[in-house]
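Two versions of one and the same chain are coming, encoded as structure tokens; call them structure 1 and structure 2.
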Structure 1
Amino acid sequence: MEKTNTPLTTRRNFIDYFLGTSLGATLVATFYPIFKFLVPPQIAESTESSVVAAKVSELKPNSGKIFKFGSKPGIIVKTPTGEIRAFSATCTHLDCTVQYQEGTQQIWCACHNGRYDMAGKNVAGPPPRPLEQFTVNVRGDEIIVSKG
């Protein structure tokens, strides 16, 4: 469009500009809070860094058990040789909760047939990464699992 600087067009430009920006500002002011409202607030991750996950006496060799680690499931595995290990039970593929399979002596995810060995390493199926491993301490009969 050609630019003419008659008072009329400037005034009109000004009004267009004024109305346009106020409309834009109104929309932003309306939708920004809505948009922000939709995003759930960050809930502080549970500060628990260690939990009593199970009793030694209740775990048979070659078995597994799901335990609560804060708000997330973890899995304890007792190998046939009696060694105890603990991992996050959340499958690294698409988040299902894994389980220990005595027959294959593997950690198995039922959702897409993902498999991990007893060291938590992904060995078959779609999982792209090993399971996160936790530190295990045995104090008396209690199995204490901690992060890191």
Structure 2
Amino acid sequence: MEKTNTPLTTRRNFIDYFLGTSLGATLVATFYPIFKFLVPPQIAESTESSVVAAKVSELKPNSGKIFKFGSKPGIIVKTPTGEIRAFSATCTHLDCTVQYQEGTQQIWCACHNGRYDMAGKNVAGPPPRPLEQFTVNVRGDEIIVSKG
């Protein structure tokens, strides 16, 4: 029986192992961020049914303010006559955040020039549905917005 003197780890085996693990690490470093971007983490829907959106004293007539309602934005608008209204601030077209325009007295989506009137109804642009309207209650100086 002939005995071989070949070591278990040769230079070629070491280089193959080194290049293989380097290639594997490069592939993981490249595709893991892409995978995490394509599959975002699940965000639990907020169970809040009402929030304090603003103070009456900080809203001047014919102005709007974005507030956070759970995990989504909301918009509160004080009309020129002093009436306070609240809507979801997410455009029904592509979920962009809307804003109140004092000059036109409309809620406007900057993404595709969508417009909503003061009742939340879509009046121009591509939005297919009206904005979700919230219930507004005023207690003292606080404006409390609730769903439903």
Partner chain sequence: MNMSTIADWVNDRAGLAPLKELAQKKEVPLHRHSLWYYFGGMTLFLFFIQVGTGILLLLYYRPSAENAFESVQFIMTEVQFGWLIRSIHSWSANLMIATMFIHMFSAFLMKAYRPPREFTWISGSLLLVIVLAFGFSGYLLPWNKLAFFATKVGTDIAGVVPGIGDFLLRFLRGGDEVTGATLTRFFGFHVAVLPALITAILFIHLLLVQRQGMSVPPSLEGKALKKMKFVPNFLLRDLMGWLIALGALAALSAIFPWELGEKADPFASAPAGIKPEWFFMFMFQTLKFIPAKIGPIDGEVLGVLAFGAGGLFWFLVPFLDRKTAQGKPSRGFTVIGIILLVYIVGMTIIGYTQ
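For residue numbers, the reference is structure 1: its sequence is counted from 1. Note that the rigid core is defined as the largest set of C-alphas that superpose within 1.5 Å between two forms. Everything quoted here is computed from the prediction, not taken from an experiment.
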Exercise. Of these two, which one is the form predicted on its own?
Worked result: 2
Exercise. Would you say residue 137 moves its Cα by 2 Å or more between the two structures, aligning on the core?
Worked result: no
Exercise. After the core is overlaid between the two structures, has the C-alpha of residue 24 moved by 2 angstroms or more?
Worked result: yes
For this session: Using a superposition on the rigid core, decide whether the Cα position of residue 34 changes by 2 angstroms or more between the two structures.
Result: yes
Seminar exercise, completed: residue 14: Cα shift between the two structures after core superposition, Å, came to 43.7
